[in-house]
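As structure tokens, one chain now follows by itself in the form predicted alone.
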Amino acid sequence: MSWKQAEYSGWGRALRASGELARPERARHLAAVMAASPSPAIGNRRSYGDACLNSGGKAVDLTRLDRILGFDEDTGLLDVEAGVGIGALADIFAPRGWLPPVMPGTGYATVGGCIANDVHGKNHHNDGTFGAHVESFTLVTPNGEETVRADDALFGVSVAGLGQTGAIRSARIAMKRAKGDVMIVTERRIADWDEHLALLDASEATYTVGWVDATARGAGLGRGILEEGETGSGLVPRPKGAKSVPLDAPGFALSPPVVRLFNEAYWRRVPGNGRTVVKPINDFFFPLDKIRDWNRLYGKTGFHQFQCVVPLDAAGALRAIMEKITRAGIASPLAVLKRMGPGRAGLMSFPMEGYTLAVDFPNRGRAAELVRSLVRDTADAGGRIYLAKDSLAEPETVAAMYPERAAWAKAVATIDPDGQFETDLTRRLKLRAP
């Protein structure tokens, strides 16, 4: 297996790395690489910051290990290699009445990445995280392969373990039954923050998500659109092919006046009395995938995403965070508000029962200073940030957010005592420190 020098980045493009990459195509190739040169595994690099980077070192790209190994039509148990994308699984299995149990905001996230970050989706309030639906996975370490089952101690260390216990080669996943291969979506325009939280709390839909206008202030703070979705059957227009962003956009493309105008139009696209529409599966779960390389809209310096979750009783603190964001006036149109349940599958899993807010900021001007202050506000509220999205947090703040970090670090140290699976993220945040 050959190694090739490469320049690469996370999806936010604000942080970059230079190092050697290997791309094994078969299980035996991966085993040989890990035995000869143990290195962190990466997928399609859809984590936003430096979770998928290893500057000056090596990394193993698993995207060529993307085969479906077996599927039980009666139970919905799927055996699949770690490099397959979640969107590809939705395309294949939705017509057969099944969906991946949890889907993040992009279909390009790989199964291995979904386990390593214990991703959540629009159904977290009902179904928890991705890891909660994984029955077992095959872990490849310098010492060989090991099957890790849901009741093994190593399971909770590896799920949301950021790849620090080895490379996930394959997994057995319990798929979720679907009523059809389309989504029936109810959209409602929301006037303000209090209404937004109240509707999220009251939602009984399987899939629920709120878009929030991060430029609206005063009485309109928190206005947005609530989407509630259920799987169904029916005819929808054939999805259009994805468009591409060919160049890095100039700075004015996401300037505050442009963002305000876009948000106003986007909010008003839903009638005042709401509406119900039928959408292709991917249009509901992965709306941004319709624009390839949409991260280039932020220009060559990229962007940072801030995503936090705070407990239910800290809703007032989250409102203050939202107010700080709107006062800063530098948010992009991409801002999402969701209600989370308690489900989490790993020691370092992000979710807690409460509200999660995600906002993108172009990487320029005061953005880094603002995000760091928002991270501190989150810690003060008893919440935590999502490590898969982070690029700016500081070690002491994150350590307080994840009370099981020390136990996780101790377990990881027994598996990888020489730190061969460390990444830029784990080093920056000192996640593996005793």
Partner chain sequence: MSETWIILGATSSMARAFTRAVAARGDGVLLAGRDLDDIAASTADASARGAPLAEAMAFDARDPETFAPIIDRARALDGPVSVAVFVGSMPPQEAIDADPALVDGTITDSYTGPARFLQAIAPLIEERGAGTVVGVGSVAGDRGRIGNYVYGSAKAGFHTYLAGLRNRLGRSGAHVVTVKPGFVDTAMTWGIEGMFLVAHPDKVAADILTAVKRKRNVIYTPFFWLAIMTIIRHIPEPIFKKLSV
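Owing to the predicted nature of the structure, the values given are computational and were not obtained by experimental measurement. Positions refer to the first chain, counted from 1.
Keep in mind the form predicted in complex with its partner chain is missing from the figure; the text below concerns it.
Although the partner is absent from this view, Ala36 stays clear of its partner chain in the predicted complex, with no non-hydrogen atom inside 4.5 angstroms.
Taking the partner from the other structure, its partner chain in the predicted complex has a heavy atom within 4.5 Å of a heavy atom of Ile92.
Residue contact check for Ala22: one or more of its heavy atoms lie within 4.5 Å of its partner chain in the predicted complex. The closest non-hydrogen atom of Arg26 lies within 4.5 Å of its partner chain in the predicted complex.
Distance criterion of 4.5 Å from any heavy atom to its partner chain in the predicted complex singles out Arg96 from the list Arg96, Lys279, Arg296, Lys290. Residue-level contacts in the predicted complex: of Ala32, Ala407, Ile68, Ala368, one residue has a heavy atom within 4.5 Å of its partner chain, and it is Ile68. With the partner left out here, its partner chain still marks one of 341-349, 178-186, 68-76, 261-269 in the predicted complex; by a 4.5 Å heavy atom cut-off that stretch is 68-76.
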